[in-house]
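Taking the form predicted on its own, here's one chain by itself in structure tokens.
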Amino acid sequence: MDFIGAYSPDNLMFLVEGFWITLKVAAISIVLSFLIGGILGILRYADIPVLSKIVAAIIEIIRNLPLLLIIFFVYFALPEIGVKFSIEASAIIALTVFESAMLAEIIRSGLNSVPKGQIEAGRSSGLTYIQTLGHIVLPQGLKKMVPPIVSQFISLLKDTSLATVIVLPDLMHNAQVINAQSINYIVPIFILVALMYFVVNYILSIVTRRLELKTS
């Protein structure tokens, strides 16, 4: 094992560049999946005739597909029908599609956790369904949604490593490039990569625990 060679300034900078791509892809995917997942979760909860069933079917299909398959589909299959994206965009789209389905189910479950009596009380007081949803159901459901949503974001950050298969120049991809220089770099580089993932995910886990305390 060659720690000195593996941790040369050039290699460390190369890893930092890859980690920046990882964080960038994860951040964009988190924002988009939260917005889309929120809409899908509310639509499924609202039990709108036909529409809610269609949304539910889409969510269930995506949730039961491997993320890797979705990445392959976006990057390799869509170009066959004339829809082509860059490597980074393909990774973001695939992650967003997959995580939106996961978050939609979390949000639906959170909304369902609100006692029906609260909804009936809101309606009987003269609030419309939308007002009841916005002022009563969402605020209460959000308290139970936040911890699992943050946990899902942690999973999303780790899942970005799967985009290495389409040569996204993220942390894992750059680590493999460095490892190709020398077999003696493999252990030191993977130790450092693991530490980088751990630090970010540990910070997010601390945030999750604090949110659980605040919402309990």
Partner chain sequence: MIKFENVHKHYGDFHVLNDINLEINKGEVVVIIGPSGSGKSTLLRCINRLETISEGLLEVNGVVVNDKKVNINEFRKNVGMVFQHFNLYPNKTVLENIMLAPVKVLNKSKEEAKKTAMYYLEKVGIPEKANSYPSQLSGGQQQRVAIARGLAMSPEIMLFDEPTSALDPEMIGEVLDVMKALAREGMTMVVVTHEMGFAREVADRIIFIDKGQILEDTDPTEFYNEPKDERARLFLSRILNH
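Every value quoted in this text rests on a predicted model; they were computed, and no experiment measured them. Residue numbers count along the first chain shown, from 1.
Here the subject shifts to the form predicted together with the partner chain, a form of this protein not shown in this document.
Tell me, which of 78, 127, 146, 89 has a heavy atom within 4.5 angstroms of the partner chain in the model of the complex?
-> None of the other options qualify; the answer is 127.
Exactly one stretch in 134-142, 105-113, 90-98, 67-75 has heavy atoms within 4.5 Å of the partner chain in the model of the complex; which is it?
-> Stretch with heavy atoms near the partner: 134-142.
The partner chain in the model of the complex - contacting residues of 187-208, heavy atom within 4.5 Å | Heavy-atom contacts to the partner chain in the model of the complex: nothing from 187-208.
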